[in-house]
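Just one chain is shown here, as structure tokens, and it is the form predicted alone.
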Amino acid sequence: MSLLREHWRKLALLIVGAGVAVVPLFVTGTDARYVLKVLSFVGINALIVLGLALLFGYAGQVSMGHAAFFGLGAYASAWVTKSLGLPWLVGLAAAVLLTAAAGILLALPSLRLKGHYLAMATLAFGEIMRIAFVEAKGVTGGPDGLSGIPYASIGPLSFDTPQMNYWLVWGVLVLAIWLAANIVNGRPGRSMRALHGSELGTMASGINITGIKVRVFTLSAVFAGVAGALYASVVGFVSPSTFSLHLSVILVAMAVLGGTRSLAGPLLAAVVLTLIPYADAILPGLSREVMTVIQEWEADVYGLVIIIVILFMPGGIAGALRGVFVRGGEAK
């Protein structure tokens, strides 16, 4: 039975990957560039939320500072490619190494913290890094940010069009989903679920909870760093205002709405909530007045989503779907 489920998972990932790959072939017209850039932003946010799904949904650890890891990855890649003139893959490697180191440094002193205290520690880290992005003018450009960041390229292949950027972002996301799925379906995933259920019980079972926390925090930070490197190359400009507490709250809202013990739920939530400010790209009939209201109340919508999910749907999208399937099975 488990072998059959594994085959279905692989088939589902293959179908999703194929569907994502052909999207640019059907996006045409005057708004094609804009729509593809929006969909690239969707993929970037989904990559960060995928890391949060592992950290929050499986390991039960909270982070309110993932915008900082996102920013570290973006600035590392931007500085290496723009200021040093090195290839994009070197910039990507720098983003991975820097965010992995930052994830370890933040995870180690936070091991004794839980719940709200852990959230506050990660929030403080995010605010410290935002200030550092402003003050480190020699590397980050200060409040004005860095512009003129080159497009991503791998050897002779240059990702210098909206279509190529889209394929790059979503190709990396599909690979990350495959990696995360293998993790959660193996021994590390079982250890994370045990940690989420009971830390004391996990320790009593002989599982090294310190190692689990550090590894999942580091992997989650790396996913955000890779997303930052992709963002820098897609947009060509980064500034401290992008990597604010506001973004961290949005990312947490996506993870909370998606639910626990699931990768698909948070990814779906990331797609939906990312598209809210760009609803006119998907629904062309929306008036300018409606879009203005949506954008003005965007932060309130995200906060309301978190409150509603906590009060009425604590399992998120994934929990609600599991409940439907369980009830459907019992009815039969």
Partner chain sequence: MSLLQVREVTRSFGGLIAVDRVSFDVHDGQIKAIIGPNGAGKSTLFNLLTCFDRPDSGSVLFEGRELFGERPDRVVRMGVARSFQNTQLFEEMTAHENVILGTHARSGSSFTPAALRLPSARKRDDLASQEADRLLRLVGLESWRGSLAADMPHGLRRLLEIARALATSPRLVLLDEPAAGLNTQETTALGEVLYRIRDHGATLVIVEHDMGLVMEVSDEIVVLDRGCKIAEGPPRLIQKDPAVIRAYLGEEDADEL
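We call the rigid core whatever largest set of C-alpha positions still superposes within 1.5 Å between the two forms. All figures in this text were calculated on a predicted structure; none of them were measured in a lab. Residue numbers count along the first chain shown, from 1.
Another form exists, predicted together with its partner chain; not displayed. Remarks below refer to it.
Within 4.5 Å of some heavy atom of its partner chain in the model of the complex lies at least one heavy atom of residue 215.
The closest non-hydrogen atom of residue 200 lies within 4.5 Å of its partner chain in the model of the complex. Taking the partner from elsewhere, residue 84 is found to have every heavy atom lying beyond 4.5 Å of its partner chain in the model of the complex. Taking non-hydrogen atoms only, residue 194 approaches its partner chain to within 4.5 angstroms in the model of the complex. Residue heavy atoms within 4.5 Å of its partner chain in the model of the complex occur in exactly one stretch of 151-159, 226-234, 86-94, 206-214, and that stretch is 206-214. For the options 164, 179, 101, 139, the one in contact with its partner chain in the model of the complex, meaning a heavy atom within 4.5 Å, is 179. For residue 132, a C-alpha deviation below 2 angstroms is recorded between the shown form and the other one after rigid-core alignment.
Here residue 113 counts as shifted, since its C-alpha moves by at least 2 Å between the shown form and the other one after the core is aligned.
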